[in-house]
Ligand SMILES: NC(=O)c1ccc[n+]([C@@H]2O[C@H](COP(=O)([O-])OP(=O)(O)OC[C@H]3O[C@@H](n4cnc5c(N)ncnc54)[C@H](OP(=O)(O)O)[C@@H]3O)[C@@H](O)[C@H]2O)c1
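The chain that follows stands alone, in the form predicted alone, written as structure tokens.
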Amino acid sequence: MKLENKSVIVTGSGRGIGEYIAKRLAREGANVIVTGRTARDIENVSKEINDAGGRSIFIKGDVTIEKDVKEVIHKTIKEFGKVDMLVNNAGKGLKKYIWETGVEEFEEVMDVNVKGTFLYMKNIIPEMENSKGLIINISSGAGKEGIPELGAYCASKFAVIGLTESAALEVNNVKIVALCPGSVDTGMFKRLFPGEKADLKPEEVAQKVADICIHPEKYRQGQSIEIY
């Protein structure tokens, strides 16, 4: 129970990698705030954590809407007295050639992956600076190298690394890093790449997140941590 009495917000934790991260951190004793856009999904994940002996609450919220972001942070502090860690996990994928990508499709990917990360950091850093908080922004291997048909997604994940590096230089008492996994065996991956084999299981990503949360001193401020 190495994260006992630590409160952590995991965005997009109603399914996919976020669900695995939320459950893994709960097993280490963290108070986990499960948040996402689909009420039934986040309620189910939170219930599973509590039924397994963990402690969790669920708060519906859209990472692209600042009012929702502020409400999630406010309710977390009201419930647990503080917010120690944030995992900016909510993400959206798109597989299309650049010339086939609609403007609205591009904007939606950027809104979720980049604007969502920005809004949470903007609003949570002031709440963390007195408590030596930790922020993990989930980028991707696609944030380190361009990949055909993933132009919008790559652009968004490169941007997440830029936000991470810049913010890390602006703060004193908050550790901010990016995690860059290779392809992960999730529903989104299977929809985008049917029949292909992913590099990682979601459990492996969740384990790496747990290691960063338990041993933040092992990682350099602003670091992009690759896992394949």
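Note that the structure is a prediction, hence the values are computed from the model and not measured. From 1 onward, residues are counted along the sequence shown.
Keep in mind that the form predicted together with this ligand is missing from the display, and what follows is about it.
- Checked against this ligand in the predicted bound form, the residues 178, 63, 30, 33 give one hit for a heavy atom within 4.5 Å, which is 63.
- If you check this ligand in the predicted bound form, you find no heavy atom from any of 2, 6 and 50 within 4.5 Å.
- Partner contact region in the predicted bound form: 182 to 190, out of 165 to 173, 22 to 30, 50 to 58, 182 to 190, criterion any non-hydrogen atom within 4.5 Å of this ligand.
- Although the partner is absent here, residue 76 is not a contact residue: none of its heavy atoms lies within 4.5 angstroms of this ligand in the predicted bound form.
- Interface residue remark: residue 136 is not counted as part of the site for this ligand in the predicted bound form, having no heavy atom within 4.5 Å.
- For residue 38, a non-hydrogen atom is located within 4.5 Å of this ligand in the predicted bound form, even though that partner is not displayed.
- Within 4.5 Å of any heavy atom of this ligand in the predicted bound form lies no heavy atom of residue 85.
- Counting a residue when any of its non-hydrogen atoms is within 4.5 Å of this ligand in the predicted bound form, the hits in 149 to 168 run 153, 157.
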